[in-house]
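In structure tokens, the next block holds one chain alone, the form predicted alone.
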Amino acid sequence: MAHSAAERVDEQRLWRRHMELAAIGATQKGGVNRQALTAEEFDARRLLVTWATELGLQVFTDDIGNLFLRLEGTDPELAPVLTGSHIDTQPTGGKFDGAYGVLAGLEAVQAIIEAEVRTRRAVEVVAWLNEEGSRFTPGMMGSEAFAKLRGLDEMLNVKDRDGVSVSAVLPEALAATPEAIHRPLGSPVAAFVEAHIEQGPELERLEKTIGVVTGIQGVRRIRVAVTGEEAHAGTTPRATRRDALEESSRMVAALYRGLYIDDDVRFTVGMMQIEPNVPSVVAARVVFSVDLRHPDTETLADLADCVDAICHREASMCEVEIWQIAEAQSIHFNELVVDTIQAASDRLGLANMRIFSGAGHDARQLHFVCPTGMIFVPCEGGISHNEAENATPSDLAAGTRVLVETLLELSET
């Protein structure tokens, strides 16, 4: 019965929906700019609800604007099995990051309907609000509110660069889907499965179609501020300069040398702000970011301590301030869900491997609420958060077939 439902996955229909959704916020270079709580995201919500109502699904939303599309089960009193991801993107994002998880969920539900299978538990497709955090920071807002890992008021007060708060624009998001029935945050969930492109090169490199995700590596996000003194570029000798950029450069170089203790370390300096940032003035202040990740939580903590030690060691004429803005421990997914995904991949004859996620996902937050797992499919060159992001229709469909079988198995528990 499960296998017959998986066979109902329509590769071309799934691809067409990806292309139709990607047209909302499309960029000239073939990517997507559909940031959370923008007009483009409101249009995407409307499109999802249109597809859902055509299938006879019930539509729900909650206080943070998460969107749920429900296929009722034979026992409505039971907690549903949940699947999905997000529909917001980076400003120069791709067509598949997040969107695949939502559209795979919708296609899985349609396949179940067309196979005339009735599940014991309801199956719900969710689009979590603001996973990317590109307009309103930090991300994972919808899933964190759902899991009650952060307070709703805290999130509603977050403002974008123009001073617009989440609370100011959220009513417009809710109004975009008037069909949606309101329900409380954090309603019970039996299990959550998120399908996603890998956002890395391993599946493609090893010629595997399915990644059976076993967990998500931890992350520390740190800011380093180096404060010196403005001075004339032409008249101030080096010996008397308090050059914040020179010392910051030494720190960054030393961090690259000192933090790569093994192949699992992921260290990035992706942002640097310089003041006064003019050509003929010695920099008085530099703030740079540190994004540090590792699968082992203890190792990650040790590396974060090293950031502090290295930066202070490299400082001489300038003052250094270091603070952490976000922290997440490495997590390991529920073995029952992981084994169910593995078994479904094997039954369908799909080449697969177990893999640890290097990127963060909403599944991290759901891990604290219910048994959780993820299904990865390859993306071309491992490229993501990029307008060139790409995946093949056949791989997307294969991952969706695994999702169908996994959802059917979990919905009967």
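We call the rigid core the largest set of C-alpha positions that still match within 1.5 Å between the two forms. Position 1 is the first residue in the sequence shown; the rest follow in order. Just so it is clear, the structure is predicted and the values come from calculations on it, not from any experiment.
What comes next is about the form predicted together with a further copy of the same chain, which is not displayed.
Novice: Give a yes or no for Tyr256: in the predicted bound form, does one of its heavy atoms lie within 4.5 Å of a heavy atom belonging to a further copy of the same chain?
Specialist: Because a heavy atom of Tyr256 falls inside 4.5 Å of a further copy of the same chain in the predicted bound form, the answer is yes.
Novice: Taking a further copy of the same chain as it sits in the predicted bound form, is Gln58 in contact with it (heavy atom to heavy atom, 4.5 Å or less)?
Specialist: No - in the predicted bound form, heavy atoms of Gln58 and a further copy of the same chain never come within 4.5 Å of each other.
Novice: Can Met317 be called a contact residue for a further copy of the same chain in the predicted bound form at 4.5 Å between heavy atoms?
Specialist: Taking the distances in the predicted bound form, the answer for Met317 is no, it never comes within 4.5 Å of a further copy of the same chain.
Novice: Please determine whether Ala359 contacts a further copy of the same chain in the predicted bound form, using a 4.5 Å cut-off between heavy atoms.
Specialist: Ala359: yes, in contact with a further copy of the same chain in the predicted bound form.
Novice: With a further copy of the same chain left out of view, which of Ala309, Leu206, Ala175, Val281 would have a heavy atom within 4.5 Å of it in the predicted bound form?
Specialist: It is Val281 that has a heavy atom within 4.5 Å of the partner.
Novice: Would you mind picking the one in Leu149, Ala233, Leu336, Ala168 that has a heavy atom within 4.5 Å of a further copy of the same chain in the predicted bound form?
Specialist: Here the answer is residue option Ala233.
Novice: Thinking of a further copy of the same chain in the predicted bound form, which stretch from 238-246, 110-118, 301-309, 185-193 has heavy atoms inside 4.5 Å of it?
Specialist: Only one stretch passes the 4.5 Å heavy-atom test: 238-246.
Novice: Check for me whether a further copy of the same chain, as it appears in the predicted bound form, comes within 4.5 angstroms of all of Gln217, Tyr260 and Asn277 - heavy atoms only.
Specialist: Each of the three qualifies.
Novice: Using a 4.5 Å cut-off on heavy atoms, what residues in 349-386 are near a further copy of the same chain in the predicted bound form?
Specialist: Result: Gly358, Ala359, Ile383, Ser384, His385, Asn386.
Novice: Taking the rigid core as reference, does Gly133 move its C-alpha 2 Å or further between this form and the one not shown?
Specialist: No, its C-alpha moves less than 2 Å.
Novice: After superposing the rigid core, is the C-alpha displacement of Pro276 2 Å or more between this form and the one not shown?
Specialist: Yes; that C-alpha moves by at least 2 Å between this form and the one not shown.
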